[in-house]
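Below sits a lone chain in structure tokens, taken as the form predicted on its own.
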Amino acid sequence: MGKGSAQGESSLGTCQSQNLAAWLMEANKLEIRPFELPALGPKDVKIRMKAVGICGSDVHYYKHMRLADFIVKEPMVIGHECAGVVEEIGNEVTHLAVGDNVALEPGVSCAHCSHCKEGRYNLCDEMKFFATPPIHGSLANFVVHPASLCFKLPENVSLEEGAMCEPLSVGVHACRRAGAGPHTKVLVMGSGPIGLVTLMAAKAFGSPRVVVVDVDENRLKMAQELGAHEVVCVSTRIEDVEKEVLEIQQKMAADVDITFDCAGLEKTMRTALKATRSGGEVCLVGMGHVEMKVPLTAAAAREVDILGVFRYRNTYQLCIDMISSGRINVKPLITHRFGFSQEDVVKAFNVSAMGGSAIKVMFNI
């Protein structure tokens, strides 16, 4: 799936008509280089990429060449939030046609292990996921991908919105896993891109009250614009957890049934465990700290359940339906747009890495 190799510098001048991709060569170094695609299989489609977003994991690889236990050991094509136009179909593909706009689910599972057979394919040990080393990503002119993981977009859903189905899927999966609905009051820790899509997903699932917490007042302003009922600006000091929990509970004006920690830091988990009602749930979505010291015994004594979330499963069609119906509007999240040139790719990743006013940086190819 999308595997290829960088060719030598001498070939670049003669390969401009070939498929080009953004290769992560080393920390803080991206290069537009030729990208050789695999042969089109009978159940595959060739996609002309049109919209690719930058994810926090992409930035982490760009800055550090690793994310948790995933290490970039050789040049890798970056990018996994994507949508494009069908250019060619395999001879066994029947649900797609040349010219269809599609969103691509970026992970290809083995379909044979116990997790896959149970329907929890996001946990597959053999998962091949765009831009997760050693698998190449989708920031390219073309990719080849299984047709079963390409979802046709209705006419009222743009290619940029199709690319946004990937981050939105994280929020949708988290809400499903935690059982968010009309009976649950929700706290969201963190108002970065994943926190904001989790906010929107919780509201779409019917949560009657959603409070969002962050250290950045500008991000909290965006959360309010996207429908947060209340926001709380907090510090980075663990010593402030107790008083901040009181403020959160006052703003919620009810028990916190579910907390989504979309930052994954020691302080945010401490806050989540203390703010959530007895018998409630804390859903760990973010992966900021690999290890953390948190008051588990006190939380266990109150039967606060802790749930883990890893990527998503069976979410894409629901995300497309939610966007198409207007239940979720992802357009305000796209704050910066760039083309697909050497200069644009470097600038886009630096803008995304700086944070600030950048929420979702999108490439238009």
Partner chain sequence: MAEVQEGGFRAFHPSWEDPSCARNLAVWVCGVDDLRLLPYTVVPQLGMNDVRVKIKAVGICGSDVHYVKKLRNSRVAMKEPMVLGHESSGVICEVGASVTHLRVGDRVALEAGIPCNSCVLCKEGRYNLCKNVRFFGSPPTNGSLTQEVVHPASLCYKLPDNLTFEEGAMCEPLSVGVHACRRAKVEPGRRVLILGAGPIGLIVLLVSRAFGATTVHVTDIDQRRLMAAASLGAEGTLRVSSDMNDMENEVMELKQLIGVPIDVTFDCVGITKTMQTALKVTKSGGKVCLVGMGQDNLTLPLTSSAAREVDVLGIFRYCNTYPLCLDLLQSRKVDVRPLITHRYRLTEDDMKEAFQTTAMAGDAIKVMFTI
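Bear in mind the structure is a predicted one, so any value in this text is a computation, not a measurement. Positions refer to the first chain, counted from 1.
This protein has a second form, the form predicted in complex with its partner chain, left out of what is shown; the following refers to that one.
Heavy atoms within 4.5 Å of its partner chain in the predicted bound form map, among the stretches 46-54, 325-333, 33-41, 301-309, onto 301-309 alone. Taking a 4.5 Å heavy atom cutoff to its partner chain in the predicted bound form, the contact residue among Arg277, His229, Lys152, Lys221 is Arg277. Arg120 is the sole member of Lys128, Arg120, Arg209, Arg176 with a non-hydrogen atom lying within 4.5 angstroms of its partner chain in the predicted bound form.
Residue contact with its partner chain in the predicted bound form: Val85 places no heavy atom within 4.5 Å of it. For Cys110, no non-hydrogen atom is located within 4.5 Å of its partner chain in the predicted bound form, even though that partner is not displayed.
In the predicted bound form, its partner chain stays beyond 4.5 Å of every heavy atom belonging to Leu96.
When contacts are judged by a 4.5 Å heavy atom cut-off, Lys293 counts as touching its partner chain in the predicted bound form. For the marked spot (Asn156, Val172 and Lys185), a heavy atom within 4.5 Å of its partner chain in the predicted bound form is absent from each of the three residues.
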